[in-house]
Each structure stands twice: as C-alpha cells, then as structure tokens.
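Okay, here we've got a single chain as structure tokens, the form predicted alone, with questions on binding and movement later.
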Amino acid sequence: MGIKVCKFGGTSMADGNVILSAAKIVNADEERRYVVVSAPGKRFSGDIKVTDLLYQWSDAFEANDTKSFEDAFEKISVRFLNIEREIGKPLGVEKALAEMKKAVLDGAGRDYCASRGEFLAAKIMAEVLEVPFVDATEFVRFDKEGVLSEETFTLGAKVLSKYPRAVIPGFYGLGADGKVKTFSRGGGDISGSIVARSVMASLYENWTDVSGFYACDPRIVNSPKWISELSYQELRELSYMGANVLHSESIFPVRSAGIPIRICNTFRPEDAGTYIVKTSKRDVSENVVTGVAGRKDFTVISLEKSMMNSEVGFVKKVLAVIDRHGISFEHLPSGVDTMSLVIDNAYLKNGALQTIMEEMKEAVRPDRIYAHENIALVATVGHGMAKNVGTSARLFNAISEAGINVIMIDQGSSEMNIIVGVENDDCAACISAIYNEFFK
C-alpha cells in the first residue's frame, strides 16, 4: 500500500463546511495518511484571507496601535469561532486564540503571528479527522540565511515515522535562531512537498479550487484547454511565470525523489486533475506548446558598450551592483555589445532604479544605459517546441498580427520556453494571441 500526502489550500479551509468536505476526501482513501493545511482563505469575493488579517494584527502590534490590534484580533477570532460552530463540536479554538494573543503580546514576532492561521487550521483538521497534530517546528528547519535545510528531510522522516496518520500546518518551520520562520506567501505548497519527501510518499495530492492546470489563465481565454500531465520542468516554468495553481518552488523536494504531484479540486473531487511527473508521456505531436503564462511589472535595464565582449569582468561588475542592493534578476539577454537585466519592479521603488543605473555607469562606463519600465513577461512553454520547425515563426507572427510590439526576447538553453517582453497593457492580448495560434 502506498502513502499519499494531501495538501489543502486556503479555499479548501475557508469555513467549517469546506473543512468537513476536505476531511471526507481524506477519509475516502486509506492511503491518504498525512495532511498539510493552509490558513483559511477567502470565502467569497471581497473577503479577506486569515493570513492577511494576521499580518494586519502584527503591524498594529508593532505600531503600538491598540485599537487596530484589538479590531484585527476580533476579526481573526470570529473567523475561527465560526469554523468551530459550523463543524458542530468543541475544538478548543477559544483557548488556542488566547494562547496565541498572549504569545504575540510577549513579543513572539511577526513570523509567529503570520503562522498562526496554519497552526489553528491544522489543530482543527486534526480534531475533525481524530488524528495527531504534529507541529511543523518539530522538523522543518531553516539555516542562518533563511534557506530550507537538508536536515528537514531526515528529521521529517524520524518524526513522522512515529505517526501512522497526522495533520501538519504548512507555511512555516523553525529558524536558526530557534524562532518560528515562515516561507514566502504560498509556501504551504512547499510544506506539503516536504512532508511527501520525508515519508517517501507514492503521491503528493495538492487540493485547491481548480481541477488542474490549463494551457493559459481562464480569466484571459474562455475555457482554455485542460492539461492532463506535465513535467516538473514545465510546471516550474509556468508557475514561475504566473500560473498560480502551485508554488513554483514546491517541486524541488519531490522532484529529487521522483514523487508525482496531482492537482485536485476540493469542490469537484471526482475530476481527474493534472499530474506533474519527472518525464511527461503526453503526446507532444498533438500540440508542441504545453501552456502560456505571463507576469507584469518588470523593468529592463539595458547597457550598450563597444567591445563589451572583450572586456573581462564586465558582467561581473554589473551584477555586483545589484548584489550590493540585495536584488536578484529574472533574465539576462545579451548580444556582442549589449546586455540587459530584467528586474522585478518590487526591487526598484523609492528611487532605487536611478541609484542602480548611476552605479552601473560608474562601474562599467557604458556608451549608453537606459531603462524600459512596466514590462510584462510572457512565457510560451513546452517540451515539443525544440523538435518542431517553425514554432518561433508561428509565435512571433501571432504576436505581430495582434499588433503587439515585442520589446525583449529570451529563450532558455533547453529550448523549452520562449519569453517575450511586452508592455504591461499588452500582456493579456499577447497571451491570448499565442494561445489562439497553438490551441485553436
């Protein structure tokens, strides 16, 4: 008999009735032995996620704003007490909330505060399923740099081997300082992957509010093609570029162990879902492209200098500038006498762009340096692209016919993706044009 690890996202934990549905899914298959949960998400349009409330609560504490602190805590309490009422049995929520408030007042910290949504949700799910609760701090470890430690998997195997079944909160672990540390937002998917790797699961099921991956965002193209199977690499490319079904980093723990992932719909558990595997057996002759995804709000910094290619250390000096500012880059397209850095706008606020460009001028003395702001990156992804003549021609012809100007082009060395930079306002139209070319 195999072991399945189930991760339930925020929409699957949004209220008591949905939690009961999730528990029913777990109990329907005896191989589903370990459950990882997110904090309760939105119940309806305009609602607020519990994690956002927790961050507001932490901000109010740090600002010494007593009224906002109490208001936020009241909203958090109401959410969890309503869940307890909807489930219909005592779950110890009131006591847990009181303990959480005391810890925050005693200075437990922002990450501790943000993690309590997952903590309480996991406590509730454990009571509903009548299985042990195992805190993520017992085995999830971060090093001094805040990076997930390899020790996590050894500890995870040791701790979880004590429990035939268990519920574990996602999104956090223990930092090198002995305090609670969270992943980036959406990190609950990584937690599920960690548990799957620790117990060497036969399958990692990620339960959400969609029935798998689609060839592009359904908000852009009506009823896009459903993808039955894709590779880890294709998932990584599409997730990173805006296909938000699964966190882009969640594949790493399971990929090394060859554990497949299945994306499932909590609200339609009978749907087949999408499988993510090491090597997809999908027939690429049906469609050379797997999917199209895009992200907005980037800046392209371009440098031009004659004989750049013969200047030893040129790229190193440019990258040293952004390194000093703690900035990472997305892409690095280059030519003989040109290079460009694609950077997320989030790094370039409050005059940082101008400062960085001035430092680059001083470091490498370019003939010209300029920035193109508010760029969207659109990625076309698929294993079949490299083996099919004319894929690029079809892609750029479709963009041209849509009247869209391409500002930047970047193609990965694997020839599995082609990324184009367009104006933010052209992002949706670009995705739609490429999708229609390859799927209609």
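Everything numeric in this text was worked out from a predicted model, so none of it was measured. For every residue, the number given is its place in the sequence shown, counted from 1.
Not on display, but discussed next: the form predicted in complex with a small molecule.
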Name the single residue among Phe213, Trp207, Tyr204, Phe171 that comes within 4.5 Å of the small molecule in the model of the complex, judging by heavy atoms.
Phe171
Contact residue in the model of the complex, chosen from Val381, Leu377, Ala39, Val35 - any heavy atom within 4.5 Å of the small molecule:
Ala39
With the partner left out of view, is Gly187 within 4.5 angstroms of the small molecule in the model of the complex by any non-hydrogen atom?
yes
At 4.5 Å between heavy atoms, is Thr51 in contact with the small molecule in the model of the complex?
yes
So in the model of the complex, is the small molecule close enough to Glu237 to count as touching (4.5 Å, heavy atoms)?
no
Heavy atoms, 4.5 Å, the small molecule in the model of the complex: which of 270-278, 124-132, 179-187, 73-81 makes the cut? Say which one.
179-187
